Each structure stands twice: as C-alpha cells, then as structure tokens.
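Take a look at this one chain, the form predicted alone, written out in structure tokens.
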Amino acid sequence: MWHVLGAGSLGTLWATRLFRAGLPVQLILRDQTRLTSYLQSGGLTLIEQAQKQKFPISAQTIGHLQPIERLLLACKAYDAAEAVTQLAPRLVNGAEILLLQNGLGSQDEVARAAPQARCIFASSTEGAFRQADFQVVFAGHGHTWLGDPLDLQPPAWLEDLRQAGIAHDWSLDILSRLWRKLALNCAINPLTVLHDCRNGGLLEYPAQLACLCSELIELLNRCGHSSAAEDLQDDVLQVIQATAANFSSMHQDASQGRRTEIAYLLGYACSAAQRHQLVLPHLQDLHARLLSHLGARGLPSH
C-alpha cells in the first residue's frame, strides 16, 4: 500500500499515476474538514495533455490507525517533520518514507522524527501545478532520482514506479543531486522574488547571477560535492531559459502571501557556509534582503 501525505501538486501527480497503474493508494489528509472536502470532490483529478481524469482514491485522516509500511511524503519542507511525528505511531518497524521535499534539512528532521523507518531521498524535475483543490495539471515530463545515503541497495518497489510510468533512476550519490538542485534554487528563486519577475526576467541581471553562482560553486566544493558544482552557471542559465515564462515556486508562495521554503534553501546554504567558516558575501546579502522583504510582508522567515 502506498500511503500518500500531501495533496499538493507532486503528491497528487504521484498518487494518481500509481492508482491508474492499478497499485493500492491511500491518501492521508490532515483533518476531518479536509477529508470531508475531499470526499465531496469525488477524488483526485489529473489533467494531462488537456485530458481530465478523476480517480476515486480512498482517503483517511492522520489520526487513522491503519499501519503504514510505505509513506510518500509530499508536503512542504517546513511541515515534513511535524507530519511524520504525528504519523510515527502508525509507522511499522522498517517502514520506508519517500521524501519529495524541496531543499535540504527537512530530510534529517524526518529521520530524527521516525528512527524506526528508512528514509529515501528524491530529487525531481517533473512539472506540475494545482489548477484547483484536488486537481493537478501535469505540466512537464521530467525525471526523478532516488537514493539513500545510508543504504545503497535499491528498494523492490521501484518496479511500481516503472509500472506507473514515473521516469526514475536509483542514485548512488543522491546528496550531490540534492545539493545541485539546492544551488539552482538558491541562484534563481530568491532573485525572482526580489525583482518580482518571471524566471526569464533574471537574464537582465547577469552580474548578480555570476556572483551567486561563483559563491555557490565555492560552497559545493567545500561541502564535498564538487560534482554538483560542475558547469553550475551554464545549468542555471539553461534552467532560466527553459522556464522563462514560469514564476518560481518561491515567487508564487511570496506573492500569494504563503510561507516560503527559504529556511531549507537559502537559509540552509548560508548555515552550511557558516559551519565551514566560509565567507560568501553575495549569498549572505541575498539571504538578508530576502528575509527583510518577507518580513515587510508579514511572512515568516523560517
């Protein structure tokens, strides 16, 4: 059974494809109000190539007593540890948790909250957005890398992903993948918030991008992830061009008055630099400006 917590874009995208492939899926919602709302909607809707399909996936609240052997955790990074703490009594010994969070830091928090479970990290390039509650638009086929720094043996359920058409690879160095994605996010997302622009608008600020990439490369090398630092600036520019018309997730969160994942992206990078006694003035200044910008809008800085 795939228990899925987090009916956001990625959680819905995974749940509908697993269910469509004939695999058992159980959605976990935070409370009775949310469950009632879901039941009224009649299921999760996947919109792919303008075709809508609704899937009547069964759902339960966090407080349900059904044991959990495999959990797909698809909530925001700042909610991950608390959600797992609430679910801890339901997790069987040797349960597996697949983590789909942005950034770094939440993975360690989840591992501490569920010492009886195996945590598998994921880094995905799939594009999806919620059109309405319990509805997801599959915007772009991508790839998902999965791995476990503590156990390099791939789990047997990767076959489920193949069956569901979820393109994936088992990575023997998942941390480098996560650091690379963190660096891309740190170079792009905060600037889109401060300049209030789509990703493509950043092409007007080449000097800022170059300075940030240079410092991020220094950080990746110091943290022992030199492979994640290779051609970083070229990759940042490619991502900006490929997603030029999109608003970054951080921009969307900030502009809609929602809490951002700053603590698990730029905050994590700056803390890592501090731990390694690395002075990165542009990165630290960007972090300070972003905190001030969010604070002025009454949004949390953590």
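Predicted, not measured: the structure shown is a model, and the values here were computed from it. Position 1 is the first residue in the sequence shown; the rest follow in order.
There is also a form predicted in complex with a small molecule; it is not shown, and the following applies to it.
Put simply, Gly127 is close to the small molecule in the predicted bound form: some heavy atom of it is within 4.5 Å. Although the partner is absent here, Gly8 sits close enough that one of its heavy atoms falls within 4.5 Å of the small molecule in the predicted bound form. Mapping the unseen interface onto this chain, Arg180 falls outside it, with no heavy atom inside 4.5 Å of the small molecule in the predicted bound form. Mapping the unseen interface onto this chain, Arg30 counts among the residues with a heavy atom inside 4.5 Å of the small molecule in the predicted bound form. Screening 148-156, 210-218, 68-76, 163-171 for residues having heavy atoms within 4.5 Å of the small molecule in the predicted bound form returns a single hit, 68-76. Contact annotation: of the candidates Ala228, Leu100, Val193, Ala117, the single residue with a non-hydrogen atom within 4.5 angstroms of the small molecule in the predicted bound form is Leu100. Distance criterion of 4.5 Å from any heavy atom to the small molecule in the predicted bound form singles out Ala83 from the list Leu175, Leu104, Cys223, Ala83.
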